[in-house]
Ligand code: AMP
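What follows is a single chain, given as structure tokens, in the form predicted alone.
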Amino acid sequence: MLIFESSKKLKKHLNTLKANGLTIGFVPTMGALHDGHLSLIKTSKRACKVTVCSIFVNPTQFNDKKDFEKYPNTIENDKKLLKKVGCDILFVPSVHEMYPNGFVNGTQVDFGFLAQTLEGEHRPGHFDGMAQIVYKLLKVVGPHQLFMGLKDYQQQLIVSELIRKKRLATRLVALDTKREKDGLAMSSRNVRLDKKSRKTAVEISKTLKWIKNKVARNKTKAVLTLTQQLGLERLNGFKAFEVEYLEIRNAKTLQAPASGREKLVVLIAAKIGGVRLIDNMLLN
């Protein structure tokens, strides 16, 4: 596995590979890798000749400095995992490498409602920072395919819009959320959960399944509204949770559903033991 810290050197190397007809797959991460990340790498390897992974904890997408400081750093173990699954190239830039002129956002993309709702409401500036670094990384790597997980559902919608608005020659491939055996969505933040919180955290995915089962046969607007309310009450019944939102939305626009005939997704964000977790599930 080749390791690059310089954007210019990586770009030069990848341009040579592309000139030789090799397809490039890209998996951007913030490290603290788990099986969810590794499944993206494996999928990229099957689809493309060369797979690039980046590890960069992006300061501009953290609206909470404490959250940024607590984000796990396991770079040496990450390298071992990437080598084990056959990742071809690892890009590990410094903050200065990615932001040589400071944190001024030059991406200038208006994502409208997509970035204003849900995570946008609870994490002001998060999507501006996320889109900024994804655009920078895509400009360096210039991949044919970009692989992301659906756990960060709203994020992949915004990245798709970024690619469209910037007219990038990259295809976004969104893959199903990888889960632990008990159903908890895999996340780098899970390592911060104590035993008690970890045991209770699975109620997030259980609530998602409960909602999906409730609306399986009847998706009228009234049923969706009632089920959303009951799902919130169910999750709030566990005192350990501080629920930020539980919403059933249109899966493409994230607007409130007008009817059950739309493609729907239910999304949850909740804190437990000081750790913020998100999860979602498509309802049809």
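Just so you know, these numbers come straight off a predicted model, no measurement behind them. Residue numbers run from 1 along the displayed sequence.
FYI, the form predicted together with adenosine monophosphate (AMP) isn't displayed, but the following is about it.
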query	finding
Contact residue in the model of the complex, chosen from Val92, Met186, Ile163, Val85 - any heavy atom within 4.5 Å of adenosine monophosphate (AMP)	Met186
In the model of the complex, the residue from Lys136, Arg192, Lys178, Lys79 that sits within 4.5 Å of adenosine monophosphate (AMP) by heavy atoms	Lys178
4.5 Å heavy atom contact, Leu40 and adenosine monophosphate (AMP) in the model of the complex	yes
Interface membership of Met148, adenosine monophosphate (AMP) in the model of the complex, 4.5 Å heavy atom rule	yes
4.5 angstroms heavy atom contact with adenosine monophosphate (AMP) in the model of the complex for Gln155	yes
Residue contact check: Pro257 to adenosine monophosphate (AMP) in the model of the complex, 4.5 Å heavy atom	no
Heavy atom contact within 4.5 Å of adenosine monophosphate (AMP) in the model of the complex, the stretch among 215-223, 242-250, 43-51, 29-37	29-37
